[in-house]
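In the form predicted on its own, a lone chain appears below as structure tokens.
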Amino acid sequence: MIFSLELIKWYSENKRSLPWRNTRNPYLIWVSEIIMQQTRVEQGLPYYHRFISAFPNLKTLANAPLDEVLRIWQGLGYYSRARNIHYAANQIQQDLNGIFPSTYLEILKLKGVGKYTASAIASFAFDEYTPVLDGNVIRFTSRYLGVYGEVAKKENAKTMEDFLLLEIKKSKAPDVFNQAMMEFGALHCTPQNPNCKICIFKINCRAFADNKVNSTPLVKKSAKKQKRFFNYVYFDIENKGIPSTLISKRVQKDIWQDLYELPLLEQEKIKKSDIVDFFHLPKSSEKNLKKQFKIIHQLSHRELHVVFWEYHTSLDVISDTLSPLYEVIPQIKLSQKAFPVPIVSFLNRKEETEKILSLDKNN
């Protein structure tokens, strides 16, 4: 059996129809690869269409404000990807006269582009013989070769890379070979309980022979998630007849950098008086502060316990104590800003509640 030929035959019969597979445009391929990092295709596909609709080419992305890029990215998570792709678009526009680099080594110099992404773009757009090693390919290859140690170790990674480089050259179609490897890992050689009995590679698969499929690949266990406790206050402000609220931008190097948020007090055990004191609110106004709801939001390395509060007031009452970090914004314009998912959930829930109350009032 010739591995690459069998693989490409399987791919031709089983591949999914995905928009970035019908193009050699490196920009479109690049966007798809960045979006699909740590994201399932089903989840990422709507974001791909949304992103390309907003920024159909490299120039439009480079010329867009970062705030707008983050707003389009909103909800997809791992926002450093959005910041990096925007930065890299400007790199290409300013340093390379807007021409996308055409080799693996040049693509690798772009901000936010690692070995896997550079290999994917170089092979899909420019037919360079650079094998990809994403999670799906690593899982499939480590099982097939019987790489049972930690796949991140240099010697194990090299074993897989050497095998893939040999096979991609045999295929004489680097773009198709890489797509096929990724697709086989995604659709057939799945993380848990793949259907090995009907696998076209079972005769030569070491993990199948050794009954180690479900324990391969071996990955280092991630550290225990850090818990953080966020208390967000939604200031419902009467501002000369315009319902307004307060927001600020997260500029520190932390989660959600460059996204907007509501006024925040990060503290685990909290009382109304803590919030009143922290935001320098009138002591007598605790009654205006109401707890709305709490959610637990999971990130890759953190578990966020987020509580939302609401405080009704007028701008003249709090204007003297407002921090210059806060921006007063009409509530109707909140949708123009990029917020983290928990805040989007709160704003959507608040909007739905207000619609229901309005309907009840009018009936």
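Residue numbers here begin at 1 and follow the sequence given. Just so it is clear, the model here is predicted, and its values are computed rather than measured.
This next part talks about the form predicted together with the DNA, which is not shown.
Of the listed positions (P282, P191, G98, P243), a single one reaches within 4.5 angstroms of the DNA by any non-hydrogen atom in the predicted bound form, namely P191. When the DNA is considered in the predicted bound form, only one residue from A125, V276, A173, I255 comes within 4.5 Å through any heavy atom, namely I255. Contact check at 4.5 Å (heavy atoms) against the DNA in the predicted bound form: none of I72, H305 and K350 pass. Between 160 to 168, 235 to 243, 205 to 213, 78 to 86, the stretch whose residues reach within 4.5 angstroms of the DNA in the predicted bound form through a non-hydrogen atom is 78 to 86.
Proximity of M36 to the DNA in the predicted bound form: non-hydrogen atoms within 4.5 Å are present. Contact annotation for G149: none of its heavy atoms lies within 4.5 Å of the DNA in the predicted bound form. The DNA in the predicted bound form comes within 4.5 Å of no heavy atom belonging to N63.
Looking at K290, you'd find every heavy atom of it more than 4.5 angstroms from the DNA in the predicted bound form. Taking the DNA as positioned in the predicted bound form, the residues of 17 to 43 that bring a heavy atom within 4.5 Å of it are, in sequence order, L18, W20, R21, E33, M36, Q37, Q38, T39, R40, V41, Q43.
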